[in-house]
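Just the one chain here, the form predicted on its own, laid out as structure tokens.
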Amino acid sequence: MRPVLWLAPVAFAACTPATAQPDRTAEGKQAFATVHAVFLHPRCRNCHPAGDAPLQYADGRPHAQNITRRSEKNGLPCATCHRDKNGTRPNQPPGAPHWHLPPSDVRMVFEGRTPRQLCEQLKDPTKTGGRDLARLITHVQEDPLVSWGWSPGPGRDPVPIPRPQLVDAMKTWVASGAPCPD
């Protein structure tokens, strides 16, 4: 009598969940490396400082003219110098619609964040102005002020990773479960 070998695959298939998905953790962590690289670039980091002063230039020095988060409360809004578009010559103040720092109650700090710290921060809506991950992607993809990072005007280096590549990396990170680096 021959053994019934065809039952083995059937029995194995019955024990395997039909909804099993491949582990995409490594892919998500790799995608997040792109997110971290962009968010720590001076075009992003300078407006997401750890302190109360926005930063300037590639070296991230404190904003000139003693500009701080209090400046706007004291009658000097960012739009006093930062218009709706860039100037045409180097060293003119950069510009984009609604130029501003993140609100003081939700600072959204990028400066000095390790990949893990930034990842955990982005996943916490209390630290992103109420944005969940889907809304963060939309913000990065559509906001005109964010867009400025790729068109910063004369004399400034744009974010070197193309915006669509950043958005794709964010989508991959989220689709893989938004894993944080170790």
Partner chain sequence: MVKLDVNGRPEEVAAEEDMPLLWVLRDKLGLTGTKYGCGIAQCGACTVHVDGQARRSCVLPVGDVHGKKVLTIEGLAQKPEGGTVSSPVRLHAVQQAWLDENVPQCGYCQAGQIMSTVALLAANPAPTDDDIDAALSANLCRCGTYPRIRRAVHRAAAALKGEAP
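The structure presented is a predicted model; accordingly, all values stated were derived computationally and were not measured. Residue numbers count along the first chain shown, from 1.
Here the subject shifts to the form predicted together with its partner chain, a form of this protein not shown in this document.
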Contact of T138 with its partner chain in the predicted bound form (heavy atom, 4.5 Å): no
Proximity of P93 to its partner chain in the predicted bound form, heavy atoms at 4.5 Å: yes
Answer for V106 alone: is it within 4.5 Å of its partner chain in the predicted bound form, judged on heavy atom distances? no
Just to confirm, R70 within 4.5 Å of its partner chain in the predicted bound form by heavy atoms? yes
Going by heavy atoms within 4.5 Å, which of 60 to 68, 32 to 40, 153 to 161, 117 to 125 lines up against its partner chain in the predicted bound form? 60 to 68
